[in-house]
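This document opens with one chain alone, in structure tokens, the form predicted on its own.
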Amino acid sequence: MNAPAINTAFASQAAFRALMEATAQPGEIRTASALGAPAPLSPATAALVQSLTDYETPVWLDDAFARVPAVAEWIRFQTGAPIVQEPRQAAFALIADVEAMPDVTQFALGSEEYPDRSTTVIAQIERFGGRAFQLGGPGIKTSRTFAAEPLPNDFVQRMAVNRELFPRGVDLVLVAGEMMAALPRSVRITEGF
């Protein structure tokens, strides 16, 4: 194995580990990075794509990503993952324009028997900070303050609908540059401090 392949393998393992830690601790920020991905893919989004997808994991791109052919080409070259046209067909959905993100019910929600057959949504934001939320639920001792922007105006309501579907629903990963935070379907989110 050559050095770039080894580096990519280590980066993929590190990204997977960071995502598992972020999912276990909702709202805690972790880092991951991959090199050579075309804009507008952020380093952490690219690392997650390399770590989580392969030829059996369909990926859906929002319009902002789909308008850049190099994004789909990079994903196919790096992972072999097929690009699908409908959000419900996707194991992973990549969102570059988070304010225009489809409602969670537009994605695969899994079933009572197979809740893992749902879409994981990876949404790029500008930064962690700004608009504040309180998080509660598994992995959070009492509550945790979390801030991120931009997000849809009805973000809290969307996440409440998602939580009501539990054990079905989508898991959300927010990404800003090399940073990521997971908001799994089990998390409770309220506005403000």
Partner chain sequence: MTAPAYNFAYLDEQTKRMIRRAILKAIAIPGYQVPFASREMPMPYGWGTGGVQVTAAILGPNDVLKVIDQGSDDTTNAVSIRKFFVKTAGVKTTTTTTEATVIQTRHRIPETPLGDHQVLVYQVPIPEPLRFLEPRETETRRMHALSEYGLMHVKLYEDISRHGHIATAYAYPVKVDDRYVMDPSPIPKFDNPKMNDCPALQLFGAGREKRIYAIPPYTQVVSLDFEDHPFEPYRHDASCELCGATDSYLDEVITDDRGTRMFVCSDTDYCGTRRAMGHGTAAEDTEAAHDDR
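Positions refer to the first chain, counted from 1. No experiment lies behind these values; they were computed from the predicted model shown.
The form predicted together with its partner chain is left out here; the points below concern that form.
Are Thr31, Arg127 and Ser143 jointly within 4.5 Å of its partner chain in the predicted bound form, each by at least one heavy atom?
Checked in the predicted bound form: no contact with its partner chain for any of the three.
Does its partner chain come within 4.5 Å of any heavy atom of Ser51 in the predicted bound form?
Output for Ser51 is yes: heavy atoms within 4.5 Å of its partner chain.
Please run the contact check for Gly139 against its partner chain in the predicted bound form: heavy atoms, 4.5 angstroms, yes or no?
Yes, Gly139 sits close enough to its partner chain in the predicted bound form that at least one of its heavy atoms falls within 4.5 Å.
Check Glu113 for me: does it contact its partner chain in the predicted bound form (non-hydrogen atoms, 4.5 angstroms)?
Glu113: contacts its partner chain in the predicted bound form.
Can you tell me whether Ala181 touches its partner chain? I mean in the predicted bound form, with a 4.5 angstroms heavy atom cut-off.
Ala181: no, not in contact with its partner chain in the predicted bound form.
So if I measure heavy atom distances to its partner chain in the predicted bound form, which of the stretches 64 to 72, 35 to 43, 148 to 156, 22 to 30 falls within 4.5 Å?
Stretch with heavy atoms near the partner: 22 to 30.
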